[in-house]
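Quick setup: one chain, the form predicted alone, written in structure tokens, and binding and motion questions come after.
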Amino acid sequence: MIQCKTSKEIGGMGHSMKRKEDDRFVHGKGNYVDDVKLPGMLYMDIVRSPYAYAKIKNIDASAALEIPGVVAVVTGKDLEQYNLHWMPTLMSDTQMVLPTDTVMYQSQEVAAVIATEKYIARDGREAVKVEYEPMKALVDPYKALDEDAPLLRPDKEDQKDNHIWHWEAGQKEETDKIFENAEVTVKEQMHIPRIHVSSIETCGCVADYNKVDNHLTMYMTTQAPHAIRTVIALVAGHVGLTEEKIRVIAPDIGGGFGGKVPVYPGYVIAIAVSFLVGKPVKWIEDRSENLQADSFARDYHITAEMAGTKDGKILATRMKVLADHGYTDASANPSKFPTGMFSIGTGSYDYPNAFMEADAVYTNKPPGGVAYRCSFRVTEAVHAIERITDRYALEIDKDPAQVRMDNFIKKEQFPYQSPTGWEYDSGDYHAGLELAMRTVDYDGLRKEQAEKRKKGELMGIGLSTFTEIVGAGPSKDFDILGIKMFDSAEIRVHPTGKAIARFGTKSQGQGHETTYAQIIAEELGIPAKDIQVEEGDTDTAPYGLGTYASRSTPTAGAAAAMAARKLRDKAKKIAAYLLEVSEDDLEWEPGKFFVKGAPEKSKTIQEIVFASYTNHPQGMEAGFEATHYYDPPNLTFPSGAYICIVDIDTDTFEIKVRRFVAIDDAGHIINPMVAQGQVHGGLTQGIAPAMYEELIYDEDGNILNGTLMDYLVPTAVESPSWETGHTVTPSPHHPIGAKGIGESPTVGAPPAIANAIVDALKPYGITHLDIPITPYKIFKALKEKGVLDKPIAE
């Protein structure tokens, strides 16, 4: 149950107050990077490769330079003079900013055209002539590991093949032994395809280098301004752009979902050009560039196995991954976890042994691998465990809900040590699934399904009962490029009791201005409406690692609570001084301290703050400010129980999601309305990979659906009416008991939908289909089973 400790006027945790930031958005007053216009600003457009793998024989910019308004054409050879043609990735790999001799994937940046107007730059781009010598591209990750496969990264000194890294977690020998002796083992080969985040706003920047001050101001669409500033300093420090000379400003951002964490070559080129010409340079991707060249998500080939007993006890799991990272390992993952949080793949179940292993490989595809609204590969891990659990239930002919109930970690087992080394903080998985089953009338649906099957109708019921792992992260486990993944909050309360709070995170639509204010309101009793929240400016905000992987509330939200508690401790001392009593004689309620047994003797937080500037105790530091850098002691572990019901047309095989019930447990919820909005959006982003989205490449590395005419992003038309609810098991180690919720629906929805569709096809011997599951895939699978030799409804 959500309980509010504060009044509606204060608006602390649990209040569904409207988002403070929405006023400017609904009035069209948002300020995005493309709104930035600076005097003398130049515009940049980028020439991109039509080939996935080719030698650059010549770049002829003469025609482009003849176009009035074109100022310059920049190539890799130009950048090479300043040693700016290579840059590090977030995973300590290297990536070309502009190639000097070889292009490595289709749509790779080849040259940049600088002009006085945006469309002149586009005309210049079309006029640049590049002569290529195409080579045979390597796009199949398995073939890339063949001994005779061409070496794609000869630029790397010790690289002998296309293998990037091997990673493993768990107990191999014990797990293998269990599989050898188990009564039942099941195995499925799965591919979770490459998809794209497709946020509303594409990536872009304005680089403004001031030669007089030797100072760079970058306006960027970035989810992690401070980390990006550090990366820029690492790339350009040798030309004088050291970190104190760089200011990164991230204004309003139209969605990120992980795709705006990496550093893209366009940013570096814009900086280099501004540095060289001394004028501001704007670069904004168009939609196709964003889709074709920016970091992808997923692209995991997974072999998932489960061992158990005939009566339904899970004994062990094994998973093996081949990760296609494209041209370079530019994943946005913590340094110590090259495959992210895939080790969460043991799921919500209680068994002692598991073994996960992953290998990554270079191919001629765009680089990257972003945590698209998930914590570093949790989506892939959850999909694998929830699909293989259903496969196991099918093998032993037991209801998949019952298998889950029989194997869940019990609430009294928390904190629970997982077989791959994580300590789950809290949860009540049985309560979540029971609520979901009651909500949909699970038993009634199974009876309806049995009746429909007698008539040849295709109805499926799918479950997904997942455990997330969010809040990256504890410094003992998490860093990016060596930078520990703490986060920060700074609170300044003005003499009149109004506050400004600054954070190292950066909202891309999550509602930070409202929810952070509510946390501070909860802790100090200052009304949330009187608290201004600011993020995204490295000159004013404390250092932080940004917003992604559902880490804002678990880290920066905790930092806000801790900073507010520092202020509350000071407020208590001032209140005792003003009331002429001992601190031990005071009690707190949100908004005031009062004397025990004499509630009429009190001081409001506003009176105390004013006194901190006008009448504070002698010897006490004046003012009312606090900063806290929060290093989480552990991750948080939200969970969920999702049930999806689908009907499949027996003539067209169109899939209709009839109902979808999502029960989430995110611990204490700060703003239920904001949380529900995030769940609705996430569920829609969950149906996308399950039924629609996939980046498709041919054998030559050409992308076949490189526009939104071909890449199917679901809209409200394709989305069902989501039914949501929640259970609450607070995180015991988090200052406000919150866990984070932004990613749970995207993580939990795909396996629920896939399980429902496969369940509908169960009578015809189909045990697995890779996502996205389309009408054609269903038709093809039924055809291969010989089912379509006669009408399916007969």
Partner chain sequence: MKTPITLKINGEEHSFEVEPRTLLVHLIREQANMTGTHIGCDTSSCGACTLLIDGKSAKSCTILAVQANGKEITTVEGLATAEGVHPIQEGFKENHGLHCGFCTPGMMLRAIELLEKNPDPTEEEIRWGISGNLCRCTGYNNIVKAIQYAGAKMRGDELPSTEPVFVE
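Positions refer to the first chain, counted from 1. Keep in mind that what you see is a predicted model, and the values were worked out from it rather than measured.
Omitted here: the form predicted together with its partner chain. The next part is about that form.
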>> Is its partner chain in the predicted bound form close enough to E201, S288 and E723 that every residue in that trio has a heavy atom within 4.5 angstroms of it?
In response: yes
>> Can you tell me if T89 lies within 4.5 angstroms of its partner chain in the predicted bound form, counting non-hydrogen atoms only?
In response: no
>> Whether F779 contacts its partner chain in the predicted bound form should be assessed with a 4.5 Å heavy atom distance threshold; does it?
In response: no
>> I'd like to know whether Y32 contacts its partner chain in the predicted bound form, with contact meaning heavy atoms within 4.5 angstroms.
In response: yes
>> Please tell me whether any heavy atom belonging to I253 falls inside 4.5 Å of a heavy atom of its partner chain, as the geometry stands in the predicted bound form.
In response: yes
>> Just to confirm, with a 4.5 Å cut-off on non-hydrogen atoms, which of T439, T540, S335, N214 contacts its partner chain in the predicted bound form?
In response: T439
> With its partner chain left out of view, which of P99, G681, G170, G497 would have a heavy atom within 4.5 Å of it in the predicted bound form?
Replying inline: G681
>> Given the stretches 529-537, 310-318, 193-201, 150-158, which is the single one in contact with its partner chain in the predicted bound form, using a heavy atom cutoff of 4.5 Å?
In response: 193-201
> Within 708-729, which residues come within 4.5 Å of its partner chain in the predicted bound form, counting heavy atoms only?
Replying inline: L708, M709, V713, P714, T715, A716, V717, S719, P720, S721, W722, E723, T724, G725, H726
